[in-house]
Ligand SMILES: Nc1ncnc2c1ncn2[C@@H]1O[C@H](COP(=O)(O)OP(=O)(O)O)[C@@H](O)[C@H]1O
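Only one chain comes next, encoded as structure tokens, the form predicted on its own.
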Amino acid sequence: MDITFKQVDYTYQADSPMATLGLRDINLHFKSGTYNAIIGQTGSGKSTLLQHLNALLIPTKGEVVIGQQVVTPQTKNKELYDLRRKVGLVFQFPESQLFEETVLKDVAFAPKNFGKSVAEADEIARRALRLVGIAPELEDKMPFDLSGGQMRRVAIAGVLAMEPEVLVLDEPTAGLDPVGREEMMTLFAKIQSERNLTVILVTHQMDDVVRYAEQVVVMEQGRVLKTGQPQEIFADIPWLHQHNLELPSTGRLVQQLQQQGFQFSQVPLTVPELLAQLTPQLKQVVTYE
């Protein structure tokens, strides 16, 4: 499902003395079935933008087009029922939203709420649980008897049970160790591929950005600073430093290698790209010695 922002502004507490501009003149396009990342400093407007994707927030100016749904300042809440089923949001620490007495009931809650029968909702829930790696023997357990990683997977299954066309991920690996983060990001990539979802990820993990994203959006002070493929965004190291953005770990290693005399035609962002440029230079050093 395509998503387009057209000249979108959002003002917190509009028409009051406390009015604060959260978004300004946002023009963006997320193509259906693509993996997108949004990066920027805390307070840059990333989460505010995400909340427009299923109309938790309504623009105070402009319009957001999500599939066939057009959301404007005049849109009423009753018009947004179908949209909120099509856009699944995974916030930080989604396990904190678990509430039912069993795993299966928790995941089946959303499809039941959207009109499915108990049998249909349970079947949808089971498919979602298998997709995230939760075994059948855990379905009758209380969610809070599971491990932290299992709880997070159950919470994500609850979002997937809505069968969304768009998956929005707001720092979904917050609080996880490196192994847990890798498992979770691999899971999201699998889900995106198998269901052909439009994925929009907000993260401070630049390694995840270069590994998964097809388009990167850089935000600053409520506006879009730059958009492009990861190679375009991370090619200008001085520009990144100017805007307090980190390089991925491979890029940081490249900086150290450049100080030792190695040269790179462009900044390699992944290990294979680094090896492709570094190996010929290492061979020359060995040959010279």
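Since we're looking at a predicted model, the values are computed, not measured. Sequential numbering from 1, following the sequence displayed.
The next section is about a form of this same protein that is not shown, the form predicted together with the named molecule.
The contact with the named molecule in the model of the complex, taken as any heavy atom within 4.5 Å, belongs to 43 out of 43, 67, 228, 33. Comment: the named molecule is not present in this chain, but in the model of the complex one of 54, 48, 250, 60 has a heavy atom within 4.5 Å of it, namely 48. None of the heavy atoms of residue 266 is located within 4.5 Å of the named molecule in the model of the complex. When the named molecule is considered in the model of the complex, residue 279 lies well away from it, no heavy atom lying within 4.5 Å.
Taking non-hydrogen atoms only, residue 21 approaches the named molecule to within 4.5 angstroms in the model of the complex.
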